[in-house]
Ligand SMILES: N[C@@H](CCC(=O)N[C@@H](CS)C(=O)NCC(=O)O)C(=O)O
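A lone chain, given as structure tokens: the form predicted on its own.
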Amino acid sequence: MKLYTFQVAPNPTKVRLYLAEKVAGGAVIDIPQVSVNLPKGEQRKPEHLARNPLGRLPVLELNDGSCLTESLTIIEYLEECYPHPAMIGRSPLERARVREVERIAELGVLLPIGRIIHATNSPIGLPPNPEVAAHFRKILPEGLRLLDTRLSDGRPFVAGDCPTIADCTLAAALQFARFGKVEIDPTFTHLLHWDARYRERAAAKSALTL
């Protein structure tokens, strides 16, 4: 297998963090990572469009030459292939809880941050759109507040006592916020303390660059 990715881009970062956490937990996974330079437009070249006609990242190329193209799909496929350590829970209820909080991190934090950045100073050259940026700046605190409340019980990770895909998604989102200079309200102290702690993990240091 081969993973096509790009540093700082949040969806590829989510998968890179997932792989780093799996390896840190003892899994033996050797998947070469190939960088596709988004600012230079390499995602629009024919060889990449053959992997993903939408020209997006990440892409997981399987051994038979076929490809998976959505970050969560890639993660869930790899979780089936490498089930230990579990990153999406160990029971039906645990898996539901992890998926729930991961979706909050994705739709409530990562998505608004991405929209703000691409509507203000897009790294891939999208035109500015102040109305879109203002709309998602208004929405972003809702997701942050919900996760801050979840973390207020002192749990070490977003979904509980061990790292899960929810941590990977939230960490990728907050790195993209740092890259795009999207400020996180300092009153969300539990979330910011989690972020500082999580970035000290060896797995995070190996995958995050900001």
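Don't overthink the numbering: it's just position in the shown sequence, from 1. As the structure is a computational prediction, the values presented were derived from the model and not from experiment.
Omitted here: the form predicted in complex with this ligand. The next part is about that form.
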In the predicted complex, segment of 140-148, 164-172, 53-61, 181-189 with a heavy atom within 4.5 Å of this ligand: 53-61
Interface membership of R44, this ligand in the predicted complex, 4.5 Å heavy atom rule: yes
Close approach of A9 to this ligand in the predicted complex, 4.5 Å, heavy atom: yes
In the predicted complex, L38 touching this ligand (heavy atom, 4.5 Å): yes
is_contact(V132, this ligand) in the predicted complex, heavy atom dist at most 4.5 Å: no
Partner contacts in the predicted complex for 65-88 (non-hydrogen atom within 4.5 angstroms of this ligand): E70, S71
